[in-house]
Structure formats: C-alpha cells, structure tokens
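Here's a solo chain for you in structure tokens, the form predicted alone.
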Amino acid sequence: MKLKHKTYSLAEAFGPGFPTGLSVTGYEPSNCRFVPRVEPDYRWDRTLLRDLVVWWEHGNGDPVYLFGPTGSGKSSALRNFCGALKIPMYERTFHPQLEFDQLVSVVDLIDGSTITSYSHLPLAMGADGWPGLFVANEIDRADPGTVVGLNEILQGQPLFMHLGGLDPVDPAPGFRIAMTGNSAMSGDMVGGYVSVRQQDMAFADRPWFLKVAYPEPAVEEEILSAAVPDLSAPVRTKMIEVANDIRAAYMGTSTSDSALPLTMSTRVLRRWAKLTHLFHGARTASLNPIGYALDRALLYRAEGQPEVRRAVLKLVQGKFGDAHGSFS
C-alpha cells in the first residue's frame, strides 16, 4: 500500500470548532489524484460527522448509506470527509442501465490495441496501491441485480476479473463502501424521485443508515454569508425562511392542504442568493431582482404549472412583503 496512516485530532482534520482530545485515523498527504479537495467554506453537520467518524473507526467493514432529499449534501459530506483525512475516494453514479462489469474494468482502444484496465471498484479495493472509499452515488436508482453484485465484496471476498487477463483483487485494509440516495432503499415514498427503485432486502440489510437533512438555518446563514457576503443579512434570513417553507410543503410537513412538487436544496438556495446579488444592479420598477433570480434558480422548472409558481411566489411575498417590489 502506498498510503501511510496518520492520526488526526478532530480539530486538525475538521476545523477548530471540534475537540482536540478526540482523534480519527486517516492518511498522510500523498500524491494520489483520487483524494478529493476540501471545500474551503464547507460547514459540517456535527451529528453527521460524529456518525461518519464512528463508522469509519468502528464499522468493521460495513458499508454506510447516506440518504435524504436532493441537494442536502450527501456526496459533499463524503468528499469533505475523505479530503480532510486524505482518503482516496472513487465515485460512480448508478443508474438503471449500469452493469456490474462497468464497475470492475474499463476497455480502451489505444493505437489500435485493446487495453483493459481496472475501474472504480478494484481501484478502491487497492488494485494500484491506493485503497480507499468506493462511493456509489444514487444507488437506489440502479437495477437491484447490479447492486446485489456487491454482496461478495462486502463479505470480504476477492474481486475476480473476467476481461483482459486482469488479476483478482483482494480488498486491502482501508477499503470501504459508501452509498448515497434519496430513499431508504424502499422505493420512492414522496413521488418526486421517479427513477428510484426498491432494493433487494438482502442488500439493504447490510449498511449503516445515516439520514442527511437540510442544514439548520444558522448553518445555511453561514453558507450564504460565505457565498454572497455583500447580500444583506435580512435578505439572506428571509431567503432561508422561504427555502424551509418550500421544503416543508414538498415533504408534506406544512399545514397547507396542497404539497409542492419541487423543493429548494441548499445549492439552489445558494444560487438564488448569488443571482439576486448579481441582478441587483438591474432593478427597475418592473424587475424585482429577488423574483427575477428565483425564476432562474428554481421556478422555471415549474414551467407549465402556473399554480406551483403562484404558490411559491405567495411564500416569497409573505416573507419579503412589498419592500422589494412586485413578485409576478
């Protein structure tokens, strides 16, 4: 193995707000190109981080499954966790047409010759000496037969190659599997994720399940402040309130009789704030930068659904009032 272990305090790895007396095992900095970069303005959910650290240290090879609504930061959490601890991370987005062999090998035509090389899964297992985290994004969209193909690997068995004469790969110490999805592997319960599939119970029984929610308002305030520092604090606060009202209506937790068919993720909220600031100079009597930016960040997705647009704009109007002009 080309990686060297290193013990970090939580403060060293994840920032000064975390304890110096608690430690987690990672690796020394290396030249492995699969170690992700840490996002400079990333804000950790302390509960999620605690769960990931315990899983990483004491999971005994079990996979972990992060599930939650779109844009809640599931993949970002894994990237920043790996980046902080210098863990190589091999991501693959799953879809209904993905076949298990595509996780195992890659076939290229180079100078007229067919070259077969390792794909994401054996690389994560340590085939090239850089074992790390294999991340199956959107795994609940995959064909259940493809997903079940991971069972032997999760049991610690070698991965045998069937193409190009590649050698079998034994899972190296440090190899782990993480997954992300919008469901808890039981299918789409909210009607907004049409390609989500129910997964085989034998596979769904294996991982730790970690639920990822949208950040608390105070955390989203920090995110927006870092992303758009010139946008006033009152406007940022109202935007966050609107986002949470939309989420509540989408997830069916509001007191409204009708649920919205769309939600506002943190990334859409950040985009709305950025566009509002960028279009601020274009404000006229007929152009409200907040509403103008909201169309481009979110509401044009509801084209042909005027009742959805009206419902969202009513939420916006309720927070911002008439001070910022007409919302139409």
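What you see is a predicted model, and the numbers here were worked out from it, not measured in a lab. Residue indices: 1-based, along the sequence shown.
The form predicted together with a small molecule is left out here; the points below concern that form.
**Prompt:** Can we say 57, 61 and 176 each have a non-hydrogen atom within 4.5 Å of the small molecule in the predicted complex?
**Reply:** Checked in the predicted complex: no contact with the small molecule for any of the three.
**Message:** Tell me which stretch of 298-306, 276-284, 263-271, 25-33 has a heavy atom within 4.5 angstroms of the small molecule in the predicted complex.
**Reply:** Answer to the contact question: 263-271.
**Message:** Is residue 249 near the small molecule? Define near as a heavy atom within 4.5 Å, in the predicted complex.
**Reply:** No, residue 249 stays farther than 4.5 Å from the small molecule in the predicted complex.
**Prompt:** According to a 4.5 angstroms non-hydrogen atom cut-off, is residue 42 in contact with the small molecule in the predicted complex?
**Reply:** Within the cut-off, so yes.
**Message:** Within 4.5 Å, heavy atoms only: does residue 150 come near the small molecule in the predicted complex?
**Reply:** Outside the cut-off, so no.
**Request:** Verify the contact flag for residue 289: yes if a non-hydrogen atom of it lies within 4.5 Å of a non-hydrogen atom of the small molecule in the predicted complex, no if not.
**Result:** Looking in the predicted complex, residue contacts with the small molecule do not include residue 289, since no heavy atom lies within 4.5 Å.
**Prompt:** Looking at 129, 71, 217, 168, which is the one with a non-hydrogen atom within 4.5 Å of the small molecule in the predicted complex?
**Reply:** Contact check passes for 71.
**Request:** Only one of 146, 244, 182, 105 comes within 4.5 Å of the small molecule in the predicted complex by heavy atoms, so just point that one out.
**Result:** Flagged contact: 182.
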